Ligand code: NDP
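Coming up is one lone chain in structure tokens, specifically the form predicted alone.
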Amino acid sequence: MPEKVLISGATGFIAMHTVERLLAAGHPVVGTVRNPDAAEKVAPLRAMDGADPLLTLVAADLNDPDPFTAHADVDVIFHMASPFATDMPDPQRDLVDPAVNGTLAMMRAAAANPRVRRVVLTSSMAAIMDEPDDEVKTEAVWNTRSTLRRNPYYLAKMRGEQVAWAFMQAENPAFDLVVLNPFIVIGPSHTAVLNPSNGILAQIINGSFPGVLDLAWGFVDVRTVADAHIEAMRRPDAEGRHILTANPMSMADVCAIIEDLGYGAKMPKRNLTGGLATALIKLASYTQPKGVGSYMRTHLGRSPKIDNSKSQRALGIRYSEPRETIRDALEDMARWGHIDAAE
């Protein structure tokens, strides 16, 4: 019989693609959501092939002291729920505490259910890297620079993953832990919600940037990330962390793809990649919201160096061409009305 899987945050961007794959493979799935009776929000999940009878949706809130134990009588757990935002009024309360407490609650729930054999934690490249530098980032590297004032979302992802590994060391539970660390996840969505990663592309297309900046991003297709979760569940020898990203691309390269695909009518044309322009934009970043300003100051003028070989070797991941993923993401965003259709 296919194993039963618990997924936290089942209405999330990555989670929905993962649920879809699990149902297609015949796995019974328990998905946690804030409100299973919110018909519009959960409708895409309930409409998936196999959802009836394989999918059960239950209520869970990361701020509750024990949101998961009652639902963790399963074989495998995907802990995917975590708040995402660049700016919050209180980063400790709104980002770090839910990430840490939610992860600890899930680890305790798994330990309380002897049936659980593996927890797959959706972490982030943010747990590995705060800002790009000359070091090639591998799974052995940890982000040590983020703070509540400097890239607080990165701090939340790092702390959330750290407490999972600390739990494994302190408690030595019967299950094992596999962690996935995706970079910027883009691609088609099951809902009209514009996730923040696809939002970067929408901002470029809609003219939100003053020009082409000296930024570089590592993109990974959401469908590839969902596949990685399935492989992390299925492969007995899967262990440790796994960076998930295709090779990083400059903003100039991304803009060139967007324009070639026919979405460049409002796209920034001014070249602001020079040293003087970068310095001026960093200075202007102090007038931006704290999270945006912090990101600009720590990422402008730097390109990440990343080794993604472990995910290819250990999980069998094959990364699609960025152009294909960007094309699919843009077509989907046009379908939902976030951007104009291609010319």
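From a predicted model like this one, the values you see are computed outputs, not experimental measurements. Throughout, we count residues from 1 along the sequence that is shown.
We do not show the form predicted together with the ligand, though everything after this point is about it.
Considering the ligand in the model of the complex, the lone stretch of 23 to 31, 281 to 289, 57 to 65, 296 to 304 in range is 57 to 65 [heavy atom distance within 4.5 Å]. The shortest heavy atom separation between K41 and the ligand in the model of the complex is within 4.5 Å.
The closest non-hydrogen atom of M80 lies within 4.5 Å of the ligand in the model of the complex. The closest heavy atom approach of L155 to the ligand in the model of the complex falls outside 4.5 Å. In the model of the complex, none of the heavy atoms of W142 sits within 4.5 Å of a heavy atom of the ligand. Of the residues given (A111, I184, A72, I204), I184 alone sits with a heavy atom within 4.5 Å of the ligand in the model of the complex.
Note on the partner interface in the model of the complex: the residue among N101, S197, T224, T273 having a heavy atom within 4.5 angstroms of the ligand is S197. Applying a 4.5 Å heavy atom cutoff to the ligand in the model of the complex picks out T122, S123, S124 from 100 to 125, in order along the sequence.
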